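This document opens with one chain alone, in structure tokens, the form predicted alone.
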Amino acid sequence: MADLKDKVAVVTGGSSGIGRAIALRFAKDGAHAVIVGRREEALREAAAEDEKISYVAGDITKNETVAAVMAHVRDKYGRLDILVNNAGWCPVKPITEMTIADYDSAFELDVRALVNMTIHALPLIRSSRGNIINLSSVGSTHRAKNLSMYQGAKAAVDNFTRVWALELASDGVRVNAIAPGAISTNIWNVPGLSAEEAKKHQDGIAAGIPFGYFGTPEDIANMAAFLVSDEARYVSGGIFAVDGAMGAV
């Protein structure tokens, strides 16, 4: 376990999947976690799992939501030690069917919202000499058909991570990214498939993973807990694969 006693973290996309697992892990390790997302009922359910978790409901592509998150952090805790930029969207469509609206949607959430949240969190993060974790993807370096908008956005996230690590090093702020591979979350649920078809779909994906199986959100949370701990005090500017060796191919 990492020693995160009395640290304060913001985790976007925290109502389910990877974000929820990270928030729960941080709370288990002693931190106060503020989860952010659009679905208030799901946020409420996640927050009910640990008294150290609170939430702000809203769309982080909107300035008013970002402002509400920062106001909540200042009013409730008065500090911020960790920002996890986890929220994202993955359109699956070939360029022959893509519209500029698909580009706008992907980059608005996966890139612009991440930058905006970071800018607004920085005064508190710099004051605490804290940590920023960005969620990237194995797809930022290992391309696949029909994922150009998502993979292009995550490539931008990788480069922001490295540049910010350089810029903020003198402030004692560490910036890293985690690049998940195939993780078992709702993102793999394809509408319209029967249970048998859905299993076949997931088995086909698993066949392309050297480990042969999907990771779990907790696998990502374990890496996040390490990266924000004092054990990683000399680690910044890294893109850390948690992908069952997919990125090694």
Ligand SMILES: NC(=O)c1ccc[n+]([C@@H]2O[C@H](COP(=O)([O-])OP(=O)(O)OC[C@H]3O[C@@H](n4cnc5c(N)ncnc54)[C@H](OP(=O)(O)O)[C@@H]3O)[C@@H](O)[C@H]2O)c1
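Sequential numbering from 1, following the sequence displayed. Predicted, not measured: the structure shown is a model, and the values here were computed from it.
Just so it is clear, the following notes concern the form predicted in complex with the ligand, a form of the same protein that is not shown.
Heavy atoms of D29 never reach within 4.5 Å of the ligand in the predicted complex, leaving it off the interface. The closest non-hydrogen atom of I125 lies beyond 4.5 Å of the ligand in the predicted complex. Remark: I60 counts among the residues lining the ligand in the predicted complex, judged by a heavy atom distance of 4.5 Å or less. Contact annotation: I183 falls within 4.5 Å of the ligand in the predicted complex, judged by heavy atom distances. Though the ligand is absent from this view, in the predicted complex it lies within 4.5 Å of a heavy atom of just one residue from I82, L135, M117, V73, which is L135.
For the ligand in the predicted complex, the listed stretch (117-125, 73-81, 159-167, 86-94) containing residues with heavy atoms inside 4.5 Å is 86-94. In sequence order, V36, G37, R38, R39 are the residues of 29-45 having a heavy atom within 4.5 Å of the ligand in the predicted complex; the partner itself is omitted from this view.
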